[in-house]
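Quick setup: one chain, the form predicted alone, written in structure tokens, and binding and motion questions come after.
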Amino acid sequence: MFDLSRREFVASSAGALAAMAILPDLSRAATMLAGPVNVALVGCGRQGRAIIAELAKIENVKLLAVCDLDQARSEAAGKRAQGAQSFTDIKAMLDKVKDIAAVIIATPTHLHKEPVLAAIAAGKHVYCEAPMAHTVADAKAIATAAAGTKTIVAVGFEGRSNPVYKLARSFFRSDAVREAIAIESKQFQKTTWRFPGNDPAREAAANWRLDKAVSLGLPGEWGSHAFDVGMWYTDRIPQKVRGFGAIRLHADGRAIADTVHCDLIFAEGLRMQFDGSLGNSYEGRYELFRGANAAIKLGWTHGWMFKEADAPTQGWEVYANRQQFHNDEGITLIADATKLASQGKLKDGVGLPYSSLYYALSDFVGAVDAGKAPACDAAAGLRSTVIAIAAAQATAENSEIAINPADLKI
């Protein structure tokens, strides 16, 4: 990864912004495990299937067992995982498969607590998908159990493991950006969040995201990841949250808003806005950090810095691969650019080769293998989950919620 002293960007022409794509040295991004790490998966739905696919890309990781309350789904996942044993009860799985070192929890958010606590009680390392839970009480129960164990408990806020986001954070926390002016985040995807089922019970289970009794909606399932990035970059926790939500497209009887806006309000007037919708796909998903010297835009597989014309020049090195951003021409900074250029593959270096989920899982198994702290521990996961819960409440009520500092503590 580039050191700050070696990062060199080109100064923008008068009155214009220069954009630089921020790419880490991916030759160092892969986790090198000293020995095999045996894992189990609890929750074999859509996210569970994605996890199985990503684990298969990580060398020296063995998925020994899968577990889901739905037997057919568990058995299908076992086959997908090349012969992993399938179970419908986590305690039976932990009792029978003794070689499991770590358990990955990918159940619906409101069902995280029990399997996490069971895995911790069995002395296993745990990766819990984010957000941690749908209530403050459940999130604090997980964080309290994590604080009382010697095993690793990680929370799947993926931005903290994303190589682009880690590199961009070092820029953000340097004079390259300076004071944070404003933070924006958007996630737009035209989809329904509704899935069919062959009987009422299966359909209800499949559509838990639309159940206002257990779902945190868009602020929780999507916004929580953006909130975590904002808090991680700034080392700040918002004092209050405002929210608004409406059903703008999917008037199918659901009670969960398909379009939302949230404001996270920090001390000294700093704000983070989040806009999300299931009704339109334009702009997709990104975070934008505006600073006095530059802005950083992060798109999960890519990142760019837009340098202000009056920002001080720091003698940054220039690579001539260019991108157009509306009226501004950007210059992409790519790790190993000289080597790629000599091979005629300069543009191949733009963008991450894997998903953020891959890097989060890779970080977790690497932490298990090395016995080190995870990228996002339960204490940090609790804070971001509590903010997401408050945002979901504010959105549902069209209100402002003050953050209770006691909710953030274990």
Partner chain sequence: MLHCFATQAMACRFEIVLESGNPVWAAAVAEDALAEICLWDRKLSRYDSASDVSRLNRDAWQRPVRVDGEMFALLALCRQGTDLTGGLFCPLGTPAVTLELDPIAGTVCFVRHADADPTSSPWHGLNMGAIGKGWALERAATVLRQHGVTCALLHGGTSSVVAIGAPQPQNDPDHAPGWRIRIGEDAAALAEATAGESLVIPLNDESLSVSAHHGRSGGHVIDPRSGELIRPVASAAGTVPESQVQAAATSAVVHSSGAWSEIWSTALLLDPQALPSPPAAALPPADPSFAAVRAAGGWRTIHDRRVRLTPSSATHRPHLEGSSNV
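Note that the coordinates shown come from a computational prediction; the quantities given were computed from them, not determined experimentally. Residue numbers count along the first chain shown, from 1.
There is another form of the same protein, the form predicted in complex with the partner chain; it is not shown, and what comes next is about it.
S.K.: In the predicted complex, is there a heavy atom of the partner chain that lies within 4.5 Å of any heavy atom of G269, even though the partner is absent here?
M.R.: Looking in the predicted complex, residue contacts with the partner chain do not include G269, since no heavy atom lies within 4.5 Å.
S.K.: At the 4.5 Å heavy atom threshold, is W193 in contact with the partner chain in the predicted complex?
M.R.: Looking in the predicted complex, residue contacts with the partner chain include W193, since a heavy atom lies within 4.5 Å.
S.K.: Is K297 close enough to touch the partner chain in the predicted complex, meaning at least one heavy atom pair within 4.5 Å?
M.R.: No - in the predicted complex, heavy atoms of K297 and the partner chain never come within 4.5 Å of each other.
S.K.: So, D89 and the partner chain: in the predicted complex, are they within 4.5 Å at any heavy atom pair?
M.R.: No, no contact at 4.5 Å.
S.K.: Considering the partner chain in the predicted complex, which of R80, H261, R178, R290 comes within 4.5 Å of it through any heavy atom?
M.R.: After the contact test, the surviving option is R80.
S.K.: Thinking of the partner chain in the predicted complex, which stretch from 90 to 98, 135 to 143, 196 to 204, 226 to 234 has heavy atoms inside 4.5 Å of it?
M.R.: Among the candidates, contact is made by 196 to 204.
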